[in-house]
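Below sits a lone chain in structure tokens, taken as the form predicted on its own.
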């Protein structure tokens, strides 16, 4: 995905304070109610100290500038994609998290996990439970990880287990079977050989022509080395697992009463390429927001997507994304993501 420029980066003319307050009130009212917002609704529920006439004039001006849309069924207004973008970039409260939610997140993240896939799934589940949106998660890319250790453990006369540990804490393991007996001495030699040749190399190395690294040793015992290379490549070539949490939550939202939107949503969740494109959208910033047409894929243009780079210190643990309607509670979503990111870094995961 392309990087989305913020309003200030696009050279947008900044709104005056009154227009900002009115736009913020409309966005937040519409997020809460899913109903077009009238000037009367704003004076009653948002505490704006302006007359209905003043608010109507500001709403008309915001509509003219492209920040609001007028629906055909009501005199009220709803935020446009440009309005949502301005809200996210300039007006959002990114500390919209309650004491109860903080306690809940803390208790969930104190759960001990042994593998980073489990931590990523736990984090995604926690975000979904608090925000009530669908979360999607994926582990770090193989080409971004370095091999820290490869360990071979003999399980029988013709079977060993290979365990690959990366610098990010990822653990990959697989069982390798042989057509002939192997000795403890051979397993010891293989342990030494693979670690000498591959330690500190990118994990992607194993997907490539590994024989280049092990050429000298290939003559040691091709019947031992070849099955190991083939099986390790096979386990690393397996599709990266994408985890979904809370997919059913979205169908409670009014936007999904539209059969077309609901079918499109199901198709997106079922299409691995779309999920990968969505999750691999991060750039310099840790949290990225894509609203409607900002998504490059046509299938994603009905939705907003927020992606979160899941890190502990300098370790990339993967990416978590939230997919929902454009009427997403951006304040809650981004606040929860920021708090979880801080919590993970404070505790070291």
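Residue numbers count along the first chain shown, from 1. This one's a predicted model, so the numbers in the text were calculated from it and none came from an experiment.
The form predicted together with the DNA is left out here; the points below concern that form.
In the predicted bound form, no heavy atom of residue 326 sits within 4.5 Å of the DNA.
The closest non-hydrogen atom of residue 63 lies within 4.5 Å of the DNA in the predicted bound form.
The DNA is not drawn, but in the predicted bound form it has no heavy atom within 4.5 Å of residue 19. Taking the partner from the other structure, the DNA in the predicted bound form has no heavy atom within 4.5 Å of any heavy atom of residue 34. Every residue in the set 39, 56 and 75 has a non-hydrogen atom no more than 4.5 Å from the DNA in the predicted bound form. Of the stretches 96-104, 75-83, 128-136, 193-201, only 75-83 has residues with a heavy atom within 4.5 Å of the DNA in the predicted bound form.
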